[in-house]
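Take a look at this single chain, the form predicted on its own, given in structure tokens.
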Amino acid sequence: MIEKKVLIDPDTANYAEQFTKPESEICRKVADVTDKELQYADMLSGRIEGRLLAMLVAISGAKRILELGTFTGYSALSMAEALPEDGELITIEMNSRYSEMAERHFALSEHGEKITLKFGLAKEVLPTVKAKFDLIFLDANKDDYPEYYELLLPLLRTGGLLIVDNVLWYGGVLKDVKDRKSESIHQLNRIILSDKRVENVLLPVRDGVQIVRKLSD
């Protein structure tokens, strides 16, 4: 297991968060409950990334969103809040405890009706999803990132955005000798860079965020 480390100076990170628009009351509640009840609360997107996701939804005009990796619902709610009233977000989660917590949080939000949670392994659920999406957020099992990329790109409309979380993996992708997750993520970063069907920018936000725009099939 790679040693987790802070990639950005804590004072700089705190300043950036302080001067980023606050998240909604329900998102703050999700963050608080997750921190109190779960050991791996650092899996939650958090204020800066949550606001980034919401802004990308708003800027892109997305109406249909697909998310892989719901966790406790913070990122789904952040994006749903930016969707229009007739917008739709499908999120997939394989952990029963996480999915139950997320469903409770969705029920507390006025935007919860926009969200449909599908429980199960993403690779088994994805073949049942036939629609095209305007924006896809990938934050699922890191070992399978390259495979997920190939499964998800056909589901993304031309001009749509694929957002990939944890693409720096606590600095693990920078090492010569990589653990399995770091190697898988590094492989995906190489695939995206050389894929003529897309354009991309890798941002050192939190643990690294890839923003990928689909140019063609």
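The model shown is predicted, which means the values in this text are computed figures rather than measured ones. The numbering used is simple: start at 1 and walk along the sequence shown.
Although not depicted, the form predicted in complex with a small molecule is the subject of the following passage.
A residue is said to contact a partner when one of its heavy atoms sits within 4.5 Å of a partner heavy atom; G120 meets this definition for the small molecule in the model of the complex.
A residue is said to contact a partner when one of its heavy atoms sits within 4.5 Å of a partner heavy atom; D139 meets this definition for the small molecule in the model of the complex.
In the model of the complex, none of the heavy atoms of A82 sits within 4.5 Å of a heavy atom of the small molecule.
The shortest heavy atom separation between Y74 and the small molecule in the model of the complex is within 4.5 Å. M43 is the sole member of I48, L161, M43, I192 with a non-hydrogen atom within 4.5 Å of the small molecule in the model of the complex. Checking L126, M101, M94, I90 against the small molecule in the model of the complex, a heavy atom within 4.5 Å turns up for just one residue: M94. Residue heavy atoms within 4.5 Å of the small molecule in the model of the complex occur in exactly one stretch of 171-179, 153-161, 66-74, 184-192, and that stretch is 66-74.
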